[in-house]
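There is one chain below, alone, in structure tokens, taken in the form predicted on its own.
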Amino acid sequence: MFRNRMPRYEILSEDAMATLDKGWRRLMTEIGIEFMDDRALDLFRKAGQRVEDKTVFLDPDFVLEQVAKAPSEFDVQARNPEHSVHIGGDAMAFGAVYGPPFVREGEVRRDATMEDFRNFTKLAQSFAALDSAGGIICEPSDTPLDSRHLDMTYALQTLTDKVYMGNVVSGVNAADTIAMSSILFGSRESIEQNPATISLINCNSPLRWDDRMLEAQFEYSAANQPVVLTPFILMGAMSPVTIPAALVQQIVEALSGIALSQLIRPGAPVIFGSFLSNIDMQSGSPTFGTPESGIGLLCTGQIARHFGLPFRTGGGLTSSQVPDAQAGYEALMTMLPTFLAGANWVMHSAGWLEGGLVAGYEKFIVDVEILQMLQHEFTPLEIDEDSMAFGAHEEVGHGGHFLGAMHTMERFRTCFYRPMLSSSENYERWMRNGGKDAAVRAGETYKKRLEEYEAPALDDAVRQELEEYVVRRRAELGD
């Protein structure tokens, strides 16, 4: 996995951090947070916190005591140990797009299917830059609603040997993910000792944790599986319109969810989540890849480090409907500050289109290209006598060229990043080869990758046990 050893880009002064600190403390104590689950309310009440109806008014010092119990770094095992990931510190792990109900393939925009889900899973497996296929890469419309989580989890477990995300639609779905993970890794004890899945728990911003998300959180935290406690904030809609107000709200929502995980199981691994952008104030539509979201992302990294927590944010986000220039520059506008901030868990790294409504095949490849280039760019230079190549100057002399120099010949295959999509042909040659733009080349690339895909090996007995579990649970759910 990628280690980002570059310096972090921090934009908040000490005075700004102190002001934000006062702000989240006031919001937490005076306005409070709703928890739509009686078990959560009971835990906070027993811990001495003030509870009125569904609203919890939290003591900030109590919250910080709970946050201090969460590990600042932890590991998540993959069934191929080479693909296990470290969360926290200078480690960055990248997963594919999450949640779109639609798919774009070339000129066609349509409902996502289970075959699309499998295809994106295979693509994620085939690129080393991605550490995870994610979770709900797309929402397959051709499978029964109550049991599709079984098919998706089975695909993630069998078509990849990388870390995968758990289903969070309900507590039942979360329990199924834990049971299937226990089968894959040998036992419940195994995954409790070494977490095997990461799950996204979204806050219903502003200031409400819904019952379904909380049901899933209880299951995962009780099983010691990491949860990403994520405020879902679009400034001007789900938070006040200013960035500082959104940051204060984000802190309250994330820390309150993290405190709950520690009450469920002290020491349970958590990730400080952030999904922060803004809306178009003319239309009310969500916008992505904006300067405001980039600023918020950089601030989030600094805030999470202040609390000693690993954090999630970033991705290749765009509002564009197609994999065009807008999709490219907006994705980079989000992914570049993701690296500058040093995000530890990065969702939506490949495939996001149309504000998250669409998983795009060509966009998936374009995003992987961006990701690979940034990983290369954020790898520190090795500067030594050999890299300064004094001997090449002696060989070439004045006014010559280095194309045939021994130093060049020994390194030309590995010295530069080799792009998948960029064309360096002159115009005439480019036209003779079909005049293909990057989107067309991306389409050719994903099709070739799918043709070349080879499923990672899986023990036959484990596969059979997983299949039997899926069949049994599907029958129990009436599907």
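Since the model is a prediction, treat every value here as computed from it, not as a measurement. Basically, rigid core = biggest C-alpha set you can superpose within 1.5 Å across the two forms. Heads up: residue numbers just count along the shown sequence, starting at 1.
Separately, the form predicted in complex with another copy of the chain exists; it is not shown, and the next lines address it.
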(Q) Against another copy of the chain in the predicted complex, would residue 236 count as a contact residue? Criterion: heavy atoms within 4.5 Å. (A) yes
**Q.** Partner contact for residue 7 in the predicted complex: another copy of the chain, 4.5 angstroms, heavy atom
**A.** yes
Q) Looking in the predicted complex, any heavy atom of residue 32 within 4.5 Å of another copy of the chain? A) yes
Q) Hey, in the predicted complex, does residue 397 get a heavy atom within 4.5 angstroms of another copy of the chain? A) yes
Q: Report the residue, out of 289, 135, 269, 140, that has at least one non-hydrogen atom within 4.5 angstroms of another copy of the chain in the predicted complex.
A: 289
(Q) Only one of 307, 154, 402, 74 gets a heavy atom within 4.5 Å of another copy of the chain in the predicted complex. Which one? (A) 402
(Q) At 4.5 Å between heavy atoms, only one of the stretches 75-83, 186-194, 166-174, 335-343 reaches another copy of the chain in the predicted complex; which one is it? (A) 335-343
Q) Each of 360, 450 and 479 near another copy of the chain in the predicted complex, meaning some heavy atom within 4.5 Å? A) no
Q: Heavy atoms within 4.5 Å of another copy of the chain in the predicted complex is the criterion; list the residues of 309-329 that meet it.
A: 319, 320, 321, 322, 323, 324, 325, 326, 328, 329
Q) After a core superposition, would you say residue 329 shifts its C-alpha by at least 2 Å between the shown form and the other one? A) no
Q. 2 Å or more on the CA of residue 384 between the shown form and the other one, with the rigid core superposed, yes or no?
A. yes
